[in-house]
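Take a look at this one chain, the form predicted alone, written out in structure tokens.
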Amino acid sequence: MKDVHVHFDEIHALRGITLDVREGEFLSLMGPNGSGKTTTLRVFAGLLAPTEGELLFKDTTITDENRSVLRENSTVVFQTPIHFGTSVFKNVAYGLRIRGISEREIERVVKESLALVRMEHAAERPARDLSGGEQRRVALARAIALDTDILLLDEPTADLDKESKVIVEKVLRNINKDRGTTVILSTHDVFRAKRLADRIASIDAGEIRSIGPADSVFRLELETLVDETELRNVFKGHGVIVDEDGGILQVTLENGVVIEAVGENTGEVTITISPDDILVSKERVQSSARNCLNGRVVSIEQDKNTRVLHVDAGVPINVNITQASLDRLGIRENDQVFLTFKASSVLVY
């Protein structure tokens, strides 16, 4: 993109964005709701023409006359998937049939794509009867099956159950590394951007606030979010190496709570734990995870399709959980719960 502006009536959605995406990289567009992430994805996909500015694909300027070239080489997975009223298999096969692929090859590719997202068992089930997380995974399989140069995803793991989030993230990393697919992903989650991307472009109010290697932008954004008190599960403490071979750091927080992390920073440190990476249970679970804190549920907050548990575990910890999981576990306010998370889920800086 070169100096791209997008107007919707009185709304100035993008304000002079210049952004190069490198072939084979994993780029995350990060920003709050309404920042312009989805609009940027739509421009990159050729679904939306810039009001001003220029879009180039492999050094060729994209116009109305050749926009199909970009569409043929890219696939978009939107946050809310739309499926045909037929089987999972036929939904994933549709794009391949449109492209004239042989039925034998379609059979192979669809099975392989469904296996990647762990949905092969549902091939003959009606796609619209699946859960929300399963439908999102089928939509990803449909995109993967086309094997385009570019894969664009709009908040692909927002409001998903933990199992689906893990599966989707693993698939995206694999197709980027193994196939060399260029992946452009939008997210409002600074942790997810850091975990997945090579580079992060931080967008706010239709402008790029910062862009660079994921580690660098993550630290910059994290400090801003901490200063603005918008980030949850941020704690200061003192770090000591307890296992040099394993790279395990023991962080003692200001009130004496001890948390283990993977890192090399010692002395005064700040740690963060993504609310998505914490397993909550009423009983202590058998796990290789190095952290398990006991606490009391102070309150339960609704956040779109997710519920946020506010837990007093010696420090105030927030946990994201789906309503279905909350109902299954039977967790209520004032219940005692266990919070389990891996040392690798604790980010240290």
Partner chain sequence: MSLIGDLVEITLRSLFVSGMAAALATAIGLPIGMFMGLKKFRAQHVLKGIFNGLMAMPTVALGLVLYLVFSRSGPLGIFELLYTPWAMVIGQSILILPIVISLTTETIEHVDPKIRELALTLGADEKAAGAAVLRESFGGILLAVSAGFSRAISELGVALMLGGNIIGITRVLTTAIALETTRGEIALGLGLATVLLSLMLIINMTLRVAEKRVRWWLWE
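Residue numbers count along the first chain shown, from 1. Just so you know, these numbers come straight off a predicted model, no measurement behind them.
There is another form of this protein, the form predicted together with its partner chain, and it is not shown here; the text below is about that form.
Under a 4.5 Å heavy atom criterion, is residue 85 part of the interface with its partner chain in the predicted bound form?
Judged by the heavy-atom cut-off of 4.5 Å, residue 85 is in contact with its partner chain in the predicted bound form.
Would you check, heavy atoms only and a 4.5 Å threshold, whether residue 47 touches its partner chain in the predicted bound form?
Result yes; residue 47 sits at the interface with its partner chain in the predicted bound form.
Flag residue 133 as yes or no: does it have a non-hydrogen atom within 4.5 angstroms of any non-hydrogen atom of its partner chain in the predicted bound form?
Residue 133: no contact with its partner chain in the predicted bound form.
I'd like to check something about residue 202: if you look in the predicted bound form, is any of its heavy atoms closer than or equal to 4.5 Å to a heavy atom of its partner chain?
Contact check for residue 202: no, nothing within 4.5 Å of its partner chain in the predicted bound form.
Could you check which residue among 236, 108, 99, 121 gets a heavy atom within 4.5 Å of its partner chain in the predicted bound form?
Filtering the options by heavy-atom distance leaves 99.
Would you kindly say which of 164, 182, 75, 186 lies with a heavy atom within 4.5 Å of its partner chain in the predicted bound form?
The residue in contact is 75.
Sort through 274 to 282, 248 to 256, 113 to 121, 140 to 148 and report the only stretch with a non-hydrogen atom within 4.5 Å of its partner chain in the predicted bound form.
In the other structure, the partner sits against 140 to 148.
Judged by heavy atoms and a 4.5 Å cut-off, are 90, 94 and 126 together in contact with its partner chain in the predicted bound form?
Yes: each residue has a heavy atom within 4.5 Å of the partner.
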